[in-house]
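Below you'll find only one chain, the form predicted on its own, shown as structure tokens.
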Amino acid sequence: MMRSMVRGKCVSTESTSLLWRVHRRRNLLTGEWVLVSPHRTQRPWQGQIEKNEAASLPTHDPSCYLCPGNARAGGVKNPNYAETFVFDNDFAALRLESSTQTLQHGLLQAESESGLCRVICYSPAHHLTLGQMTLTGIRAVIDTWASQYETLGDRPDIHAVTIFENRGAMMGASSPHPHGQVWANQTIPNELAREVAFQDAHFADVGRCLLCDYVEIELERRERVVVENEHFLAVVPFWATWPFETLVLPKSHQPTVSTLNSEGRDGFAAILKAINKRYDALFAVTFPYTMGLHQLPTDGIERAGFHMHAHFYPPLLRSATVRKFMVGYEMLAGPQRDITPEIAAERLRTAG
């Protein structure tokens, strides 16, 4: 394989040529193909312009239903919490069901779904984001993620625990107060199920963890690495769909946040702060995103090849006011991106 230098890094000539050609890339975790069209970065834009959400926020907002001491939308009053605070979602999408019901009518099939939904307030400070919190505060959030995964996952009627955050009105967040959610399902949701299947298949084929192998590739090539420390790595994945999407991975094989030791959790906190810093610096705005953890299902099935990770899906494309829309071809055919993952990674690296 011939190699050449790109910005001081040794990369294959095949990779260099693909940076500027229309091509598609395979997502190792789902098997899905992503169309990459680098030439479209120059296309004119006369579409929707988003509002800049750079307004300054107070430390405590008396109208916020997540701030300490305030009444929530359902009427329950929050305690005067000083650290992280967890409560059952007042408008939960899932409820615990005492029995299972199914519907089968020819091609039509349905079944009841049971589960729990909770809200995690990261901090009592209304004006902060996860990335603006201290490392100690972020570590407390990570410890809360671990305890929620363990507590809910220990239930015999819960087989998957999804922890996520929607940040910014652009991503549907109902409040700017720093918070995330936990949805615990009786069944394994679609995205996690696909990732489990591909990681299981790789382990069955070669006897190694898929994402451990992928970490080795990214550390060797370094084209898509955004930031790293002793314990964690953040990359724009080779198959990224969203313009500045990132994948956060432990360098050692870890199935859940709970299996991280104290140093590993500190490393996780540091990488989360570092990636947020780069996001916010990129367009000088508090970056909107959906972030979520994929951890080992809690259905009791042994899966030696499963590797925990966090996805960041931010929608911004060209600036703080121009976003990527998943419409048209994306809805009817498959995902498509303009800026290559390599260029996105370089921009995020230098933004920090």
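Residue positions are given as counts along the sequence shown, with the first one as 1. Predicted model only: the values in this text are computed from it and were never measured.
This next part talks about the form predicted together with 5,6-dihydrouridine-5'-monophosphate, which is not shown.
Colleague: Consider residue 72 of the chain shown here, and say whether it contacts 5,6-dihydrouridine-5'-monophosphate in the predicted bound form, taking contact as heavy atoms within 4.5 Å.
Modeller: Close contact exists here: in the predicted bound form, residue 72 approaches 5,6-dihydrouridine-5'-monophosphate to within 4.5 Å, heavy atoms only.
Colleague: Does 5,6-dihydrouridine-5'-monophosphate get within 4.5 angstroms of any non-hydrogen atom of residue 90 in the predicted bound form?
Modeller: Contact check for residue 90: yes, within 4.5 Å of 5,6-dihydrouridine-5'-monophosphate in the predicted bound form.
Colleague: My question is simply whether residue 80 lines the interface with 5,6-dihydrouridine-5'-monophosphate in the predicted bound form - judged by any non-hydrogen atom within 4.5 Å.
Modeller: The answer is no: residue 80 has no heavy atom within 4.5 Å of 5,6-dihydrouridine-5'-monophosphate.
Colleague: In the predicted bound form, does residue 172 come within 4.5 Å of 5,6-dihydrouridine-5'-monophosphate, counting heavy atoms only?
Modeller: Yes, residue 172 is a contact residue.
Colleague: Could you check which residue among 179, 273, 126, 251 gets a heavy atom within 4.5 Å of 5,6-dihydrouridine-5'-monophosphate in the predicted bound form?
Modeller: Residue within 4.5 Å of the partner: 179.
Colleague: Quick check on this chain: which one of 166, 256, 185, 84 has a heavy atom within 4.5 Å of 5,6-dihydrouridine-5'-monophosphate in the predicted bound form?
Modeller: Filtering the options by heavy-atom distance leaves 166.
Colleague: Choose one stretch from 130-138, 278-286, 72-80, 102-110: the one whose residues place a heavy atom within 4.5 angstroms of 5,6-dihydrouridine-5'-monophosphate in the predicted bound form.
Modeller: That would be 72-80.
Colleague: Which of the residues spanning 117-142 lie within 4.5 Å of 5,6-dihydrouridine-5'-monophosphate in the predicted bound form, based on heavy atoms?
Modeller: Sequence-ordered list has one entry, 119.
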